[in-house]
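Heads up, the chain below is alone and in the form predicted on its own; it's given as structure tokens.
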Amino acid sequence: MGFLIQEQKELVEMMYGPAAEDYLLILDSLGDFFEKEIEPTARQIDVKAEFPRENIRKLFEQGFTSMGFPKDFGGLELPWPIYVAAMEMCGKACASTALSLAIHGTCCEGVRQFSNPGQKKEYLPQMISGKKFAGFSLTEPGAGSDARNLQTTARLEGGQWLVNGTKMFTTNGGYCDLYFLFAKTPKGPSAFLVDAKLAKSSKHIEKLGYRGSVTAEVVFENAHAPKESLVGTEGEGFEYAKKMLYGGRVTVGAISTGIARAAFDKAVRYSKDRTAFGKPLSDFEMIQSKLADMLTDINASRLMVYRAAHLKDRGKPFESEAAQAKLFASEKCLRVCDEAIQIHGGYGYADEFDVHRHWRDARLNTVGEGTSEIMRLLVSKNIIKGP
């Protein structure tokens, strides 16, 4: 089964008509690249908990992060759903690589949306080309879903921001060049672009899944950041974080769909190859029923993710749709991966067939970028508020 599957092609054709041909050529080429260059490294990255630096470098060279950004900054100016389709394939090939790039892409989007012209000119071309790699630093030891409760502080002193505090679960922490950092100032939560070298320390947090995507505790102790580090307006940082996370949730939905597809493909192959009671597992109706549900979940997830991406691309409100897509795709991904283990039986629990890696990666997606509980809260608020 190819990386760019028929269902993806059909959705792109539905959205873009005659223009879809060029987009599909790009996605087909990327799919071949994922199959040959990225997927073969995924298992070893997981086993060694190795940061996928080489994969990321190769994908920057392919223009992966630049896909949705304006040509004025070195981007390819492609529709955002095309980037999301590529992110789905990346999730299928290597979830750790996909997550690290997705978070970097969220930081790029934050610079595009909220930074001043000087910051855009300085940072955006370097970020989308991969010359500067970014980490997203919002969560703190005592503030996960309660992101307003920031304890990290930044105050102006002698024309510089003095930053103090500890951040947790910072994706790409310790391996990036700069942090998109959120800290409390006298006017409220604010956003900053901070040189990663200003961090006193960063400690890699070992995890159940996404073992190649580094998640770190990052400590700032009397770090002096230039006055120009402030992004946008002081006190607006929480609003910026929320809007950045809207797009981030769509990409997590895409990665979830890709992970689910990887687990599903392995389950299909195994069910055809493995015999029991004298016939292939795929001949048993119970296995067929599982496969049918798995594929239905994957295709439904993709529809929700691409719809949210399409709304974002058109400049339409998509907060609720992003939350729905992330909620649905992440939970269905977990179910698909669980069923893939079940179909493999004992081998699904063993290392030999590398199936449990997908479940371990999937487990984070119902927690990161907003828990499933928070997603339901956001969706319900939009229902009650009305159109």
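The first residue of the shown sequence is 1; numbering continues from there. A quick note: this is a predicted structure, and the numbers were derived from the prediction, not measured.
If you look for the form predicted in complex with a small molecule, you will not find it shown, but the lines that follow are about it.
Engineer: With the small molecule left out of view, choose which of L198, M168, L281, L291 has a non-hydrogen atom within 4.5 angstroms of it in the predicted complex.
Structural biologist: Comparing distances to the small molecule in the predicted complex, the residue within 4.5 Å is M168.
Engineer: Considering the small molecule in the predicted complex, which of I128, C90, I103, V231 comes within 4.5 Å of it through any heavy atom?
Structural biologist: Among I128, C90, I103, V231, a heavy atom within 4.5 Å of the small molecule in the predicted complex occurs only for I103.
Engineer: Check for me whether the small molecule, as it appears in the predicted complex, comes within 4.5 angstroms of all of L138, G368 and E373 - heavy atoms only.
Structural biologist: Yes, the whole trio is in contact, each within 4.5 Å by some heavy atom.
Engineer: Looking at the partner-bound form in the predicted complex, is K207 within 4.5 Å of the small molecule by any heavy atom?
Structural biologist: Yes, K207 sits close enough to the small molecule in the predicted complex that at least one of its heavy atoms falls within 4.5 Å.
Engineer: I'd like to check something about G144: if you look in the predicted complex, is any of its heavy atoms closer than or equal to 4.5 Å to a heavy atom of the small molecule?
Structural biologist: Taking the distances in the predicted complex, the answer for G144 is yes, it comes within 4.5 Å of the small molecule.
Engineer: With the partner left out here, check for me: in the predicted complex, does some heavy atom of L378 sit within 4.5 Å of the small molecule?
Structural biologist: Although the small molecule is absent here, L378 would stay clear of it in the predicted complex, with no heavy atoms inside 4.5 Å.
Engineer: With the partner left out here, check for me: in the predicted complex, does some heavy atom of T215 sit within 4.5 Å of the small molecule?
Structural biologist: T215: yes, in contact with the small molecule in the predicted complex.
Engineer: Choose one stretch from 260 to 268, 169 to 177, 155 to 163, 184 to 192: the one whose residues place a heavy atom within 4.5 angstroms of the small molecule in the predicted complex.
Structural biologist: Within 4.5 Å of the partner lies stretch 169 to 177.
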